[in-house]
Structures are given as C-alpha cells and as structure tokens.
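A single chain, nothing else alongside it, follows as structure tokens in the form predicted on its own.
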C-alpha cells in the first residue's frame, strides 16, 4: 500500500516536540510491514543546513490572488522511508519552525496552506496516486480540507483516503475569516457545520470534519477529548465523528532509547546489572552543577516543554516541601517565558539542589533519563507522552498525573506490581503526595529494584502500533470506513 505522511516536522530533519519523533519512527515501522512509505515535510532554515539536495520537482501553488512557486527536494531514503522536502524560502527560510521570540508567525495559516497545496501538487506531479495520505495536527489539516473543496472533482485523488492524527488538541490553527480567499478556501466552508469556530477559521476542526478517519495518540486521550473538560471547544465535533475516531498509543524507538546500547551515556546498563545507572547519576549531578554530589539522595528528573499544559504551576506550589525532602531536581527544557523564568529562579534560590538547564540538549535528555531516580510528569493533560515510556526503559520510575497516555502507560505501584506512581486530582497536595510515596519506596531498596525491573520489562515499541494503523489503512482503502465530510453535511460551492 502506498502511504504519504504529511507533517510539519519529523526527525532527523526538524523537531520541536513528540510529533517529530512519531513522524520519524512510525513510517519506519510501517515500511518494515511491507508498505511503500513517503514523508513530506517543510524544508526549514535548519533542515540539513549546508547540504545541497537534489530537486525532484517544481510545483505551482494555485492561490487565487497570485500563483506561487516552490520546489520539492529529495531528502533521501532510510529504513525504507523516502523523505520529500518542500522548499519555499518565502515561508520556511526562518529561524523557528512556528514562532519567533515566543510569538507565532502571523502568517502561519498562509505558510501551511502553501505546504499542503505543495503536497497535493507534488503527488499529482509524481503520476502515482497514494492509497492513504496520513496527516498530522493542524499544520497539515488543509490537505483533507482541500481534497473536500479545491480538489473534489479531481479524478487523480478519487480513491485516496485521509487519516488525520491529533497529537495535541490544544493547538488548533485559528485564523481570521478574511484569510479564506488568500488560502484558496471557498466561503461556503465558513459555517458552524464547517471550519467556523466562534468567528474564526479553525484548521484542526476542518481536519476532523473532512478526513476519512481520525486517530489520536492514546486510548484514554481519545475518550477525554470527547468531554467538555478536555475537548478544547471541539468535543461536540469529535463526538459527531466518534464512529471514525480511535486512540492508538504512540510507540518509542528503542534503537535510540535503550540504556543497554545508548551511546550518549557514560555507562550502559541492563535490568540484571544496574551499576551503570549509578555511574550515570553521578555524572548527571556533576554536569548539572551539584557541589559534592550525594549519590544517596534521590534525583527527580524533568525533560519537558515548559508550558502550562505540563503542570509546572503545580511544581511552583510544591517547591518548598520538595526542597525540604532532601532531593535533587534535574530539569531540562524550554518554553513559555514565565516558566523558563520560574525554573531559573528556583535554580538561583536552591543552587545545589534545583539543577536547571534552559535549552534543548538531546545528550543531556538521555543522561537525565538514565541518571535520575524518578521522572516527573504532572501534566494538566497529556495526549500520549513519550518521556514516561523512555523512563520505564531506563529504570527511572515515573511520577505522573493519571491523564491521557500517562494513565494508559503507567501502572500505579501497589504491593509487588506497578511501574510508577500516579495521582488523579490536579492539585499540589495530590502531586506532593505521589512524590512522597515514590521517595518512601526509593528508601526501601528491594521494593525499588522491583519497580525498576517491572518498568524495564515493558515493551512499547512501534510494531504493535504500526499494525493498528496498517489495519485502518486497509479498511480505508477498501472503502469500509470512508466518510470524508459526512459530518459537515454540505457540498462546497
């Protein structure tokens, strides 16, 4: 089966978060099942900088105000997956992927309109229609919207089916209605039954309405987003399409995230021999600036985007009792300015215990996973989460809020079973209670080793998830779940 992934980021070409990891790993797992897989990505300024890439095609973007032109370059083939890079310097030759100085680019809607049109025009130039177009998040939601409107009568796409994966419902791609014409969208789409959302256009809503099937990245999150608490205003739309909505847990790439083989660590280790983890802990404390590191004191690791979603307002509330508990916190990340400043303030106040690096550092991220004793993810909501899964493999029991993928992947410790520590209520009291339970277990070595080994034995690799996606592809290709635009109930003019 021929499948094209269309996404705004994917390793090794570009990354701001977990989406890039999924787009880097899931296609590889699908190719291993025998499918013909391509990945279509923007070429950003930092994408393969300094390397000349072969031009595969020139594409014309049919915007009504003026035709625009772009090229598609060859990103090469790896593990059976061919990468295609959309090169439009006007829109993507910028320092950041989506933002500058913490603010979204004001023309993001136009940027990703060009990208989505480029993907469809490139497919037409290729001469061979795909069976499946797999789109991800609002940046590629215009693909199904355009297929429903602009390309509705095009026989080339007659049999192509679209699956749309929501990685985070909180990011929706809103734009003013004045942008409709500039994005080549008919005004008939701008209704309550279409992409209109409280007076604005909503690209994510369009992706949900006009795709043949919708997936999200964990079973629990698929349930949560159909409720008012987690639906971000789109719960009604999602309920209307629940027959074509499924949660499939993200996998992880154990070729990259495995303490037994991880080349970024100062020492490797296995469940049967954890000595290397002790070495990683000492090295982590030294690298993070701890004076006279105390190996017997538990280290709580954090690797995250610093954002309200991630529960950092709760961490601000528990700093005092946390520091009184005689623990280290080793935190790495970037994000919202107020939380970057919060972490810097905590580091200044507790320079030998609250250890912080405000940056993106992949090597240090691996070291925190290995060198920390427990890993903290108190998220307000979490569609899937990957770090808690990495933490299990690295013998670093997670402390998590029971939401989304965190709830699906972590079993609360009780007796001899369990892989981590969960709390349900979104409150500082519930969070500190879960941390205290973890510290108590840490002080009992036999119990702690059992929790570690329980977690390290879990397998969240991609093949199982890939088979679930492949089953959906097969169903869509046979027409068994085709339903593009049925929820919208109208035909574009």
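Bear in mind that the values here come from a model prediction, so they are computed numbers and not experimental data. Residue numbers count along the first chain shown, from 1.
Omitted from view is the form predicted in complex with a small molecule, to which the following refers.
The small molecule in the predicted bound form comes within 4.5 Å of no heavy atom belonging to residue 201. Interface residue remark: residue 371 is not counted as part of the site for the small molecule in the predicted bound form, having no heavy atom within 4.5 Å. Mapping the unseen interface onto this chain, residue 105 falls outside it, with no heavy atom inside 4.5 Å of the small molecule in the predicted bound form. Contact between residue 156 and the small molecule in the predicted bound form is not found at the 4.5 Å heavy atom cutoff.
In terms of contact with the small molecule in the predicted bound form, the residue from 392, 303, 81, 208 that brings a heavy atom within 4.5 Å is 303. For the residues 235, 256, 121, 361, the 4.5 Å heavy atom test against the small molecule in the predicted bound form is passed only by 361.
Here the chain stands by itself, but in the predicted bound form one stretch of 225-233, 352-360, 188-196, 408-416, 352-360, has heavy atoms within 4.5 Å of the small molecule. Within 4.5 Å of the small molecule in the predicted bound form, a heavy atom is found for all three of 333, 377 and 386.
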